[in-house]
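Quick setup: one chain, the form predicted alone, written in structure tokens, and binding and motion questions come after.
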Amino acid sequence: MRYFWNFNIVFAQIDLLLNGLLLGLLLAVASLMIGVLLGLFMAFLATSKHLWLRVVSRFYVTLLRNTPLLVLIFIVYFGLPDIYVRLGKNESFVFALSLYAGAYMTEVFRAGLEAIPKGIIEAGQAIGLTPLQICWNIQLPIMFKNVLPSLGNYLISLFKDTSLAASITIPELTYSAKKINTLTFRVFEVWLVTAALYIVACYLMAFILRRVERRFAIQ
């Protein structure tokens, strides 16, 4: 029995897929931005001189990195309302993904902070810079330049993780593809087009991010 391909049915609803793709990108960017802030905070705790602050950071990283993202999404979306914390679908997903991203960002930033030569920080202290000035003018610029490739890779990874938003019926790309598949029963066509959209989006993000990295590298 031959299979008769029919991509026209999928392309007729390409707007639904493209809107889902755009929503996924927005969810990933929002989660990365919040995750970066959370990761920075935890990274400074991880490099603190105080043991209890390092313990707090380590506990957060260990807990979040060893919890499956889908489980974390369900805890936030289905669990928080039981303790009277109600968030919308998009907000719940961004919150869960940000927590997840922050745990990985913590380790990236911690490594970046520890890689800064001590002599540079001591030079800042020698000319009378305050700890806040050293952090803002020395540590953060050097660290971000060093970890920029990792940040780019995590953005792409988070974008692919947005496919899990379909589990709570957020109309991103995967959920939109499931909806079209249910209506048309064109399994191969729908998921091949969906995979192609993910691949193209990830390739374009990687291309843009590599150009940004090269530009910062020559400064």
Partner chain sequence: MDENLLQIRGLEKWFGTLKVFEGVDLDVKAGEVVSIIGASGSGKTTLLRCVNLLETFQAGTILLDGNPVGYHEANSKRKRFSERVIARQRLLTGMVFQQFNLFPHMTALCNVSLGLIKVKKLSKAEAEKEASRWLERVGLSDKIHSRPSQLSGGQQQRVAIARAVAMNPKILLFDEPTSALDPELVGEVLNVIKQLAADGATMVIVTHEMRFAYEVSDKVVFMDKGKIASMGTPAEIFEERKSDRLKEFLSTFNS
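All values derive from a computational prediction rather than experimental measurement. Residue numbers count along the first chain shown, from 1.
Another form, the form predicted together with the partner chain, is not on view; read the next lines as being about it.
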item: The partner chain contact in the model of the complex: G88, any heavy atom under 4.5 Å; value: no
item: The partner chain contact in the model of the complex: G124, any heavy atom under 4.5 Å; value: yes
item: 4.5 Å heavy atom contact, I138 and the partner chain in the model of the complex; value: yes
item: Contact flag, V71 vs the partner chain in the model of the complex, heavy atom cut 4.5 Å; value: no
item: The single option of I75, L129, A111, L148 touching the partner chain in the model of the complex, heavy atom within 4.5 Å; value: L129
